[in-house]
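Below you will find one chain, with nothing else, as structure tokens; this is the form predicted alone, and questions on how it binds or moves follow later.
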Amino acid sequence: MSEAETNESTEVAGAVAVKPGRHKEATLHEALAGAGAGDGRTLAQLREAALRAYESLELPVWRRSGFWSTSLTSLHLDALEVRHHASEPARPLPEIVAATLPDRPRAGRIVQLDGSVVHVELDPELAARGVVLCPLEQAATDHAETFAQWYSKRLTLDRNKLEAANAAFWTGGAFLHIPQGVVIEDPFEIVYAIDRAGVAQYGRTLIVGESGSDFRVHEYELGGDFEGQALHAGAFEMYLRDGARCRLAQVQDWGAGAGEVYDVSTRTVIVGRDAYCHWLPALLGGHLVSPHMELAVTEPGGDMGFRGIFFTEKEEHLDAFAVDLHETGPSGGDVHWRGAATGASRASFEGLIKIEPGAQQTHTYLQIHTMMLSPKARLDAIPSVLVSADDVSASHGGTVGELDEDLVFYMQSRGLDRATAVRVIVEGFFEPLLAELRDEPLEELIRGKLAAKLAAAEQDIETYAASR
């Protein structure tokens, strides 16, 4: 282990520069790539095992790129608590939720504020067809057989202290079960919201799409305007059985105000025989965000489209790890991410293609493209491939670019002011991925958030342009 990995650190927005004597270990991100904790133990037994792990583990430090690390040393975990709210039938949606979510048709919605589910709705016709949407706590008793079969089947509980905290302390949560052959056009909305400081939110989602089902899920993670620290340590698992199809989108925006929201979450999507998932996370804000996202094909004929965007501003810190995992073949994959950084933010995206032994006739490609928009921002794009089969095609590529001043000049010569020209160029950079959502209200929501962030960073962008 190198000296940098064993030394103490001083934080800069979650990144660390080393000093002697504090960090005992910094680890690289690794794929889950295997069975989870759900091995026949009861929920109580799993919680007990997670609690033991939580008490023995330290907050994680992830080494990134050989140059900097992601550390949680400034997170005051002991000062945070799980806060609960009474669930009332007529309770209005939390303000941040009502102000953010688009007004559109939906199949159902479940909202968790801090540690409690405060809102659940489900189309009665879907309920009559056997669709279930309820708090995960309720599913553990009301749908015990399905819960026991799938809960934590691929999620672990002891890789780090916050993963253990989620497995030990989660409350509320979301459970969605789509019966065999049910096709649903409108999306299900799953929302986790934090509107005050001092909160530790351990959100947990379990989704099962039975054979031949076809549905959409939109997950939102939203923060209000507050000062002080808060934590979202989330866990998400989706299982798509034979021939199932899902379009999954995630919008994460903890806000760019004075609040310091730390988000360390693990998400895994398991694609079964001849099943398909299109997954697009939009990571749009948080003081320190470190998501582990894993999309795995586990049966022959499975296919995936793994898309994603990120935008960091001010002094935000993003350390994203995405895995395109193939456990068997034939299978397909296509990973395409785009990101931008402004202010003094720091963003790293590592994408990994992992092809296991025996996953012959796998065909997949990973690309990551990023744009620097500030003289103080830092971006890393790290694509990699681990292949243990010989009849495959797997490749990757990554770029870090800047604004094209010739293109800005051209657009100004056609009558646009500079700020509008920059906005159009950056929005156009993200547009190929946003268009794949095939959902106009969600596309407009994300476009609006990107436009607002660009407007707030206008001075940084101009300073960067003038320095080149």
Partner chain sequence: MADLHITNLHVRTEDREILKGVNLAIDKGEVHALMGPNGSGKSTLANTLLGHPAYEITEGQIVFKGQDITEAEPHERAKAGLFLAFQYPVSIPGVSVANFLRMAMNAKRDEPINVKEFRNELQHAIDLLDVDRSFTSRHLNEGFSGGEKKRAEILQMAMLAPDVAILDETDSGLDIDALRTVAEGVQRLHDEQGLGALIITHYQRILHYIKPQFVHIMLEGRIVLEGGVELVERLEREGYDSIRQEFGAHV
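These numbers come from a predicted model, not from an experiment. Numbering follows the first chain given and starts at 1.
Omitted here: the form predicted in complex with the partner chain. The next part is about that form.
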(request) Using a 4.5 Å heavy atom cut-off, indicate which stretch of 425 to 433, 438 to 446, 55 to 63, 42 to 50 touches the partner chain in the predicted complex. (result) 425 to 433
(request) Tell me, yes or no, whether Q412 is in contact with the partner chain in the predicted complex, where a contact means a heavy atom of each within 4.5 Å. (result) yes
(request) Although the partner chain is absent from this view, report whether L407 comes within 4.5 Å of it in the predicted complex, heavy atoms only. (result) yes
(request) Answer yes if any heavy atom of L416 is within 4.5 Å of a heavy atom of the partner chain in the predicted complex; otherwise answer no. (result) yes
